[in-house]
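A single chain, nothing else alongside it, follows as structure tokens in the form predicted alone.
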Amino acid sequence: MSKAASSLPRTIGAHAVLLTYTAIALFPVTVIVVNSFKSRNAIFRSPLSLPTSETFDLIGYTTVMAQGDFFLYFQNSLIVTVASLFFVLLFGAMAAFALSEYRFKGNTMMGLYLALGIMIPIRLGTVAILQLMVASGLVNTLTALILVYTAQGLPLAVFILSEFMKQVSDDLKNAGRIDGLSEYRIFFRLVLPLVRPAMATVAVFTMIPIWNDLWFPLILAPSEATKTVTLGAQVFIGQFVTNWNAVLAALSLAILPVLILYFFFSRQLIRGITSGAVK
């Protein structure tokens, strides 16, 4: 039996597992999007069926646009996510460059200390974070969310980027120093372009938890002017009556930025993941 034939069952099994996982992951998203285009009765009568000419209804989307300030919620989520991503990538890349490039006393311990942030959920410090924001006068501001999400994303960013930056050729960096480049120019002009796949990976893994988070917006920024998309969707959920058409429509619209991000960064994301796997 040839080597290719012997590996065929293993390949089929691996693809079967991946396809099963993909189906499980996409099922709830598909149900949400499909039911957002159906009438309320059709949602409960046949939640798994596709919209027909009789059940098709855009009442959920019209309600979202008419009630609540959905565009403001969307704008707040966009500002918080983009600003947090910028600071996570910038400071994370700088810290990773310092840890991977310079050898100093406590270098390893510093890396391990930052890695603790991956293992310890930031929500355990919610009470202390809330007290700090109240004392700083940052409650009900987007700045509070940006600071928290930046702190939340930095440990993973440093952990991933430092491993990739160790692979950047020392000869390239030393050549830059010989040519008179400062450390900042070496970092921005030589190192960062070579770790773009890793940056895309960090961006996706950081963006999704921030965009989908309900915990910190509910605690730190619950006012109408600072609500995010996930928190704004709660407007349609009442104690006794829930407008499921509007809820599903709001959630469907909230999915769009994640899909757009993946569409633009999918190639870099895959390269980053596979490079880390074979490192």
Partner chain sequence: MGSLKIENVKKSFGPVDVLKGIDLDVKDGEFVVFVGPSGCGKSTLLRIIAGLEDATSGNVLIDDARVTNAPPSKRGIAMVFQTYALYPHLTVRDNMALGLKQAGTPTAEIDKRIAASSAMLSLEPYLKRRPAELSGGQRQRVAIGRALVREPKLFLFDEPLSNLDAALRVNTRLEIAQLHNRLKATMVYVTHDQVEAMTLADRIVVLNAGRIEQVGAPMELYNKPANLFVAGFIGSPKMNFIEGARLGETVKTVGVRPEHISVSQTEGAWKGTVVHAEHLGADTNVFLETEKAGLITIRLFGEYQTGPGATLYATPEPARTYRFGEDGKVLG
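Numbering follows the first chain given and starts at 1. Given the structure is predicted, the values throughout are model-derived calculations rather than measurements.
There is another form of this protein, the form predicted together with its partner chain, and it is not shown here; the text below is about that form.
Student: Its partner chain in the predicted complex: within 4.5 Å of a heavy atom of each of Gly176, Gly180 and Leu194?
Tutor: Contact check passed for all of Gly176, Gly180 and Leu194.
Student: Would you mind picking the one in Leu78, Met110, Leu190, Ala151 that has a heavy atom within 4.5 Å of its partner chain in the predicted complex?
Tutor: If I apply the 4.5 Å criterion carefully, the residue I get is Leu190.
Student: Considering non-hydrogen atoms and a 4.5 Å limit, which listed residue (Leu172, Ala128, Ile120, Ala135) is close to its partner chain in the predicted complex?
Tutor: By the 4.5 Å criterion, the partner-contacting residue is Leu172.
Student: Is Lys105 close enough to its partner chain in the predicted complex to count, meaning some heavy atom within 4.5 Å?
Tutor: Taking the distances in the predicted complex, the answer for Lys105 is no, it never comes within 4.5 Å of its partner chain.
Student: When the contact criterion is heavy atoms within 4.5 Å, does Lys166 count as touching its partner chain in the predicted complex?
Tutor: It does not: once its partner chain is placed as it appears in the predicted complex, Lys166 has no heavy atom within 4.5 Å of it.
Student: Picking from 110-118, 181-189, 81-89, 156-164, which part of the chain touches its partner chain in the predicted complex when contact means heavy atoms within 4.5 Å?
Tutor: Flagged stretch: 181-189.
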